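Single chain ahead, written as C-alpha cells, the form predicted on its own.
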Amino acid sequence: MKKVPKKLSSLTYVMSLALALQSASGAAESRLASNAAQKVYVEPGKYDEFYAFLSGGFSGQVSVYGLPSGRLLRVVPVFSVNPENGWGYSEETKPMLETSHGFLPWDDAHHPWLSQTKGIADGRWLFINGNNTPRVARIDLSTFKTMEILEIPNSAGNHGSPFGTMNSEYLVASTRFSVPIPQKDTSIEAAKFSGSISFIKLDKNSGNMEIAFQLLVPGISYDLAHCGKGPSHGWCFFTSYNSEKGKTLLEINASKNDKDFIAAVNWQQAEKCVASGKSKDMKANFAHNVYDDSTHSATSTKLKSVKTLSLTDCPNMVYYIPVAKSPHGSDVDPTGQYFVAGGKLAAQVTAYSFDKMQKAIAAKKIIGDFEGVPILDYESVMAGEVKKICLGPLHTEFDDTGHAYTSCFVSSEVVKWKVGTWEVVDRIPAYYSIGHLLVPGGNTMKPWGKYLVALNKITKDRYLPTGLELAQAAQLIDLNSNKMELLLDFPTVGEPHYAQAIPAELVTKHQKKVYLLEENKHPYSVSSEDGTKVVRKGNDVHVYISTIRTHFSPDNIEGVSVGDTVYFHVTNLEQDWDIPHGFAVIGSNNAELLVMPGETQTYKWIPKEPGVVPFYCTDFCSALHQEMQGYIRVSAKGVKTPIKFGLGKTL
C-alpha cells in the first residue's frame, strides 16, 4: 500500500489544542434560554410535538420520550426480559430471545433507525441493533412492540447497524470485531481476521427482514454507517478504524497510522453480482424470530446458510477513502451530496463530495490498495474541512437551514457549522462528554430541525446523586435562533448511544388501540367467558382463562398436583383502549403478564407444594381491581384430585 499523504491534524497537534479548547468550553456560558421553562412546558392534556426514540445501551431496550417535555412515555422491551409486561417471560414471547447460543435475554442496544420513504421518516417501523450477540430488531410503531429479531452470522460486535437506505430497501450491519470467517481454533497472533457487511432486505409492506447477502471485507473494525440519498442513493458509507490490524493494546496499536478509512460500498453493484450468480452459499447458524399479531405468538427459526460476496467476485463494489484516525460517525447531509466524518483523535471534520468521488473513481484516482480494496485519493474526494472544530468530534446531524451539528466528546460541546462553507458559526457546552446527538429528521432528506438532543456520557453534578451510579443524561437544545440555547436536562434509561426523533403525528396516525377478539387466532384463546375451561393432558394442565373488569373466569380451580406444568392461557376480553389486565400467581418463578385488550398470553407455572394458591390481576383496572383475584388448589404429587373449575358458584 502506498503511503497516504499526511493532510489531517495529527495527534500531536490535537493534543496541543486540548487545553485551549477545554478552557474555552469551561468558560462558556451555558446559554440557558430566558424562557426555557415556557418552551418545554406541555400543559396537562396536551401532547408533545415529537417522539424521541433513545437506545437503551446496556439495558437492551428502547426508551421513548416526548419532546420538548422530556417526559418518559414508554420503555419498549427488545433484547432483554422485562417483568413490567412479561416480555421474555410469557410462553409467546420467549422465542423472540432465541439465538444460535440458546435463550439470550440481554444485549447492548446502540442505534435506532426509523424507516424511510423517499428519504423521509415515515413512522412505520423502528429498527435497533444488538451489539453483543449480533442481532437487528424491528419494532412496529402501531403497537410499540418488537415484532422481529434477526441474528447476524459471520459477525462479532454488530455496531455499525441498522442504518437503512432512503426507501427502506435495505438495512446494513457491519462487524466491529473482525474474526476468522468461518470461525476456527487458531492462535490469536497468527489468525487471519475478516470483516463482514450484511445487507438486510426489508419487505416493503410487512417490514419483514432477511439477509440478502454479506460482503466479506478486510479484517479491520467497522464502526458506524449511513447510506446515501438523492444522488448518492445506491451507496453506503462506513467508518472504520484499526487499519493497523492490531490485536492487543489497541489504544496504542490502533492509533499508529495517520489515517483510517471510510468504506464506500456500492450496494446496487453488489445486487447485480448476486443476481448474476457470483455469490456463494456459506454455512451458518443463526436465528430468525418473528412475532405474529394474529396468534399473539412468536416463532423462532434456525437458518443454516447465507449468501456471501468476496471482493474478487464483485469488482468496483467497495472503495476506501482516507479519513482522520479513529473516526466514529459517518453521516450524509440532506441533499445526499456530502458525506461527513471526523476522527476522534483529530481537531477537524471532513466533508466528502459524492460527485467528486464518482469522478475520482472514473479517473482512477487511486493511491494504493488495502487487501484488494482500492484507496481513493483524499484530495480528489474531499469537498471541505471544518478545521479546528473541537476536540474529539464524534457524530454529525443536519437541520433544515443548511447547518450541521457535531458532537465533541473530549471538549464536551456541540458545534454548529455551515454546509458548503465549512465555517463554524456557533458552539454550546454539553454537560458532560457528549456522545451522539439527534436533530429530528437529522439523518433524512427532510430534517424538521427545531431541537437538538445531546446524549451525554457523564452527569456528575447535574442531578440528585443516586449512589455510586448516577443517572444517564440528555439535554434539549433550542435551534430556533442563530444561537443555540439550552432548554432542559432530563435523565434517561440505560446508557443511550444514538437516538432519532419524528413528529408525533406521523406515528399517532398508525396507532392500534385494541386487538379485535374476532381476529384472535391464538390456539388457546377464548372469545367469551363461556369458552373458559381447564383441560389436563398428562402432566400438563391448560387453563383457558379470561379477564374482564373486574374478575377472572374461572376464579376457582381444582385438580392440579405438585409437579404438574400449568399453563394459564389468559385472554383479555376488553375491547376498550388502554385497559390491559395483569396476571400473576403467588410464589411463581415468573414475572407477571400484562395482557392487552383482545390479546392472549400464556403464563407457565410449576407448583412445588400442596395448598391453596392465590392468583390476581397486577394492573389497576377499575375501582374493584383489588377484588380481582382467584384461587387454585394444589394437591400432593400422585393425588388425582378431579379437575373442577367455576365462577360465582360452589365447585
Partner chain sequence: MSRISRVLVVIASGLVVLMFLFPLWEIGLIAPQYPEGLSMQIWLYKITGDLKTINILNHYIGMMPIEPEGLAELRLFPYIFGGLAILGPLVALINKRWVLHVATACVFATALLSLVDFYQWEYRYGHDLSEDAPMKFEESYDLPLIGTKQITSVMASSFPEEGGYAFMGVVFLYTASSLLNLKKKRR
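Numbering follows the first chain given and starts at 1. Remember, predicted model here, so these are calculated numbers, not experimental data.
Although it is not shown, the form predicted in complex with the partner chain is what the next lines describe.
- Remark: Ser622 counts among the residues lining the partner chain in the model of the complex, judged by a heavy atom distance of 4.5 Å or less.
- By the criterion of a heavy atom within 4.5 Å, Glu210 is excluded from the residues contacting the partner chain in the model of the complex.
- Within 4.5 Å of some heavy atom of the partner chain in the model of the complex lies at least one heavy atom of Ile548.
- Residue contact with the partner chain in the model of the complex: Glu574 places a heavy atom within 4.5 Å of it.
- Residue in contact with the partner chain in the model of the complex (any heavy atom within 4.5 Å), chosen from Val493, Leu303, Leu73, Leu517: Leu517.
- The stretch among 250-258, 286-294, 223-231, 548-556 whose residues place heavy atoms within 4.5 Å of the partner chain in the model of the complex is 548-556.
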